[in-house]
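Coming up is one lone chain in structure tokens, specifically the form predicted on its own.
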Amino acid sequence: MLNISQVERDTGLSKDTLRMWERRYGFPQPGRDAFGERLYDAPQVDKLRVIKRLMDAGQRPGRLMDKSFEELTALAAQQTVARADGTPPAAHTDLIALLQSHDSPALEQHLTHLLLRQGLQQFVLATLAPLNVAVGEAWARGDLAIFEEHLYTERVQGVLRSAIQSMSRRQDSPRVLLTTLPQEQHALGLLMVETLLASERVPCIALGTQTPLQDIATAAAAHRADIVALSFSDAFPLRAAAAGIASLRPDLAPSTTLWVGGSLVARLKQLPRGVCRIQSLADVLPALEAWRSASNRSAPG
């Protein structure tokens, strides 16, 4: 039996999301300990993992809750087959083999070699983004355990942070503040955005995840941020995302642009003025160029 904090860490689903699903869908159905705290058994946690994986692939939670674990795993397997395009790239196969061998130093060396050979932008956009999907699909097939997927995430974060620290900064670049709203714990997407910006020598102020709205606005003012970038995974409640964006935008300086990205943002129908939708990682650098062009047009002289 796992408590709600352990389930949050294991599945990547926030406590608020778990409680909301319990009320809205009747799943999960945790027991209670002697102190009234929620406890989740292994079958429920297994099902939550698969639901999270399917949501990351674009499925809506309301269509998944009533399905059995077997139906969900079959659906995950079908999506894996549907996305497959011939033989997996050798880099994917080699990396998954390293994860299965639990050779952490070799895994980090392999990732570092790919980065040095390809450069930051190519590594993030052409290799790391599809590699994240490949690792998730390997987990869905049962080829990787959850701890192996966590190991992958930790090693990727270490490689990217080392690369970011080695990059110089341009003083005339925008100051970008990176974070997520409360309930959103996914940090890898933010780090990949920071890496892409670092490749353009753009300094970032990374606050990590789950920053309260008022603190985001305060930090943006304190750092004189030109851009505030928020990331939303598909598991984040849609209404909470829309409300948070609408609440934060007036608290930022008019000259500060608000970027919102992640797998959820395609479902946001309308965004307030001064908010830029980042549909994918590939849109980050064009959005940066658009900001620079607008900044040059508004500059005096």
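Rigid core here is just the name for the largest C-alpha set that superposes within 1.5 Å across the two forms. So that there is no doubt, residue numbering starts at 1 and follows the sequence shown. A quick note: this is a predicted structure, and the numbers were derived from the prediction, not measured.
The form predicted together with a further copy of the same chain is left out here; the points below concern that form.
- Interface residue among Gly142, Pro130, Gly119, Gly158 relative to a further copy of the same chain in the predicted complex, by the heavy atom within 4.5 Å criterion: Gly158.
- None of Leu72, Cys204, Val228, Val124 but one reaches within 4.5 angstroms of a further copy of the same chain in the predicted complex through a heavy atom, and that residue is Cys204.
- The candidate site formed by Tyr25, Gln270 and Ala282 is entirely out of contact with a further copy of the same chain in the predicted complex, as no residue has a non-hydrogen atom within 4.5 angstroms of it.
- A residue is said to contact a partner when one of its heavy atoms sits within 4.5 Å of a partner heavy atom; Arg292 fails this definition for a further copy of the same chain in the predicted complex, lying far away.
- Contact check for Glu200: no non-hydrogen atom falls within 4.5 Å of a further copy of the same chain in the predicted complex.
- In the predicted complex, a further copy of the same chain sits within 4.5 Å of a heavy atom belonging to Thr218.
- In the predicted complex, Leu196 stays away from a further copy of the same chain, with no heavy atom inside 4.5 Å.
- Residues of 258 to 279 that come within 4.5 Å of a further copy of the same chain in the predicted complex, judged by any heavy atom, do not exist; none qualify.
- Once the cores line up, the CA of Gly142 ends up 2 angstroms or more apart between this form and the one not shown.
- Relative to the superposed core, Ala242 undergoes a Cα shift smaller than 2 Å between this form and the one not shown.
- Once you line up the core between this form and the one not shown, the Cα of Asp16 ends up 2 Å or more from where it was.
- Legend note: Cα of Arg161 to Cα of Val7 is at least 3 Å farther in the predicted complex than in the depicted form.
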